[in-house]
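Before any questions on binding or motion, here is one chain by itself as structure tokens, the form predicted on its own.
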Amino acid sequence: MSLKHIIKPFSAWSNVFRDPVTVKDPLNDRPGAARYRGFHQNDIESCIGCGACSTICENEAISLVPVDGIETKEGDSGLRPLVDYGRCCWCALCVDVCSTESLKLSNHYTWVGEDPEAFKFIPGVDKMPWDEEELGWKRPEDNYELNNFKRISMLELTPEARDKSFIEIVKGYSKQEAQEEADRCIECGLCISTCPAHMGIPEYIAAIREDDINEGFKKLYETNPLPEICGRICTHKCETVCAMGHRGDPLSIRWLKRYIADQIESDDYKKVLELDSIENKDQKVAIIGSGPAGLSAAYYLRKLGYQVKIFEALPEAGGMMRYGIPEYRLPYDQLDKDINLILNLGTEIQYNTRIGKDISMEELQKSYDAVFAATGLHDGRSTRIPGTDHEHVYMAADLLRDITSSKEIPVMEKVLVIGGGNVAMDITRSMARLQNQKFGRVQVIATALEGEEILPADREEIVEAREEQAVINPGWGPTEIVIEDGKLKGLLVQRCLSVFDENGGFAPKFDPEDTDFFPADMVIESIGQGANLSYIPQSVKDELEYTDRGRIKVDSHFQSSAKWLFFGGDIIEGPDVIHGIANGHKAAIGIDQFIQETQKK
């Protein structure tokens, strides 16, 4: 024992000469220490009702309740935490895991009252004396976290390894990576309401964490029969509302979905999903188009036992997923994994058959109990500026269809793409690859009305296009494609000052004094796609009702005013795979109800 330890007890005698401290009013004159764990505070505007506080509370002292004036909206459950101080042990774990840092503890700890119900309140809603106090327990700033806010990186091909081929870029998670990423999920469920298909996202992520892939696969198929496809090209709006994204990176929900689907071999799909026996019905349903909406409807209708036949105008199934999305994003063998299950369930597809030409709509009406039209947006839209009639001006949709069909297409040294959406990025990156293969260099420029901050394409698409040496030059409006002596020379543009008016309507404004010229041998227009509904005869069109924007009006189950005819997918809600899948599912439910009601009459 050291001399210091021997002397230390005697140091207590120094307190003999100090004045005693007496707290005369301990209820009102005894504040807690600066970081004392007192009663809760909550910033209601920052709180999203994710429930992380409730989940971690082992005393069940916190429950989420609705609050007047707070509406459920995208990324906000509309609920707020209610604290029961008869159960609370002041551990502050709720504060430490709060995904938005809205929840704190004041250092106010005394409260006298006779009504036990008063000790249950909603911090930030029920006004309390300590609401404005700045002292108390907040999440420490010394870099310790109970949650992992950093996303597990996805392995991708480098630009140098991918810019001359159409090989898939994203490699997918390993088991360890997937489980580490799944472990980040706090199961708030905000993603479910945002997903158009309302997939059970926390449930299938939990299955990854528990290494129960078969269970995760079943969860995917409850609302999404195209998981290989959706796990690669979904617009993943669910990730934009992920609670983890408020303080770090949102969960890689799309890649986790893909991980599950990748683990199941195509031959095992039916066995895992327990679909070996379907009780067949006599009723028949015709589906026009084999895109996401058509395939989704076919899957759920076959599960119900209906005889389903898809009429497809092109040589293979998949719609714009096969004929509009490059293989570096969606390999066609993975596309076929999802489609083959639907075929193996007994769905028939009649290829190279165009409705209105090879078979009339009237014939379908006579031969089938219901018809679901999901024909997609295959027709490109033109800017109609001077010069668009030149032979070297193309539509992105047409070129992508030829590229994905392995047809030879014109590849020129200088290419200009008009458009800033995902389709524009697809054709930009595809042409860059073809240029690189042919010339050993890339000279592709993509320009759009929208500025950099509001380009409609996914940010990853824009970043990867630039990595592949394409030039993205946003904020310009095309005015003329310059033609000299019959030869295309390039595109004249003027600066776009704004795209939308104060009401959000499309009303671009330009500065005619701020112009530029982009040299090009070839111009590709990619400003959107339109529907070709020429297959619908006038007699049927007269039965249909239309929205103010000219789209066919349908109900919540995508049934039109011609009761036997349902519409869904891109022609109703615009180009988005997950919306198409959700449409097909709801349409299948509506078709089943319609047929059953018809049979009773």
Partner chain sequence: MKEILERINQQFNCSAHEHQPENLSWVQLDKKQLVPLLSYLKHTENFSHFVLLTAVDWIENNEFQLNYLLTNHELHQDIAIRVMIPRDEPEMITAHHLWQQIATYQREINEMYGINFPNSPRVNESFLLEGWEGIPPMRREFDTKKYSEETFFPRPRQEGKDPQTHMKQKLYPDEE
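From a predicted model like this one, the values you see are computed outputs, not experimental measurements. Positions refer to the first chain, counted from 1.
Not on display, but discussed next: the form predicted in complex with the partner chain.
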| property | result |
| --- | --- |
| Contact label in the model of the complex: Pro116 to the partner chain, heavy atom within 4.5 Å | yes |
| Interface membership of Ile192, the partner chain in the model of the complex, 4.5 Å heavy atom rule | yes |
| Contact test in the model of the complex: Glu545 vs the partner chain, heavy atoms, 4.5 Å | no |
| Heavy atom of Gln593 within 4.5 Å of the partner chain in the model of the complex | yes |
| In the model of the complex, the one of Lys553, Lys541, Arg35, His557 near the partner chain [non-hydrogen atom within 4.5 angstroms] | His557 |
| Single option in Glu101, Glu187, Glu480, Asp516 placed near the partner chain in the model of the complex, where near means a heavy atom within 4.5 Å | Glu187 |
| The partner chain in the model of the complex: contacted by all of Ile62, Val65 and Leu79, heavy atom 4.5 Å | yes |
| The partner chain in the model of the complex: contacting segment from 82-90, 446-454, 391-399, 152-160, heavy atom within 4.5 Å | 82-90 |
| Contact set, 567-601 vs the partner chain in the model of the complex - heavy atom within 4.5 angstroms | Lys586, Ile589, Gln593 |
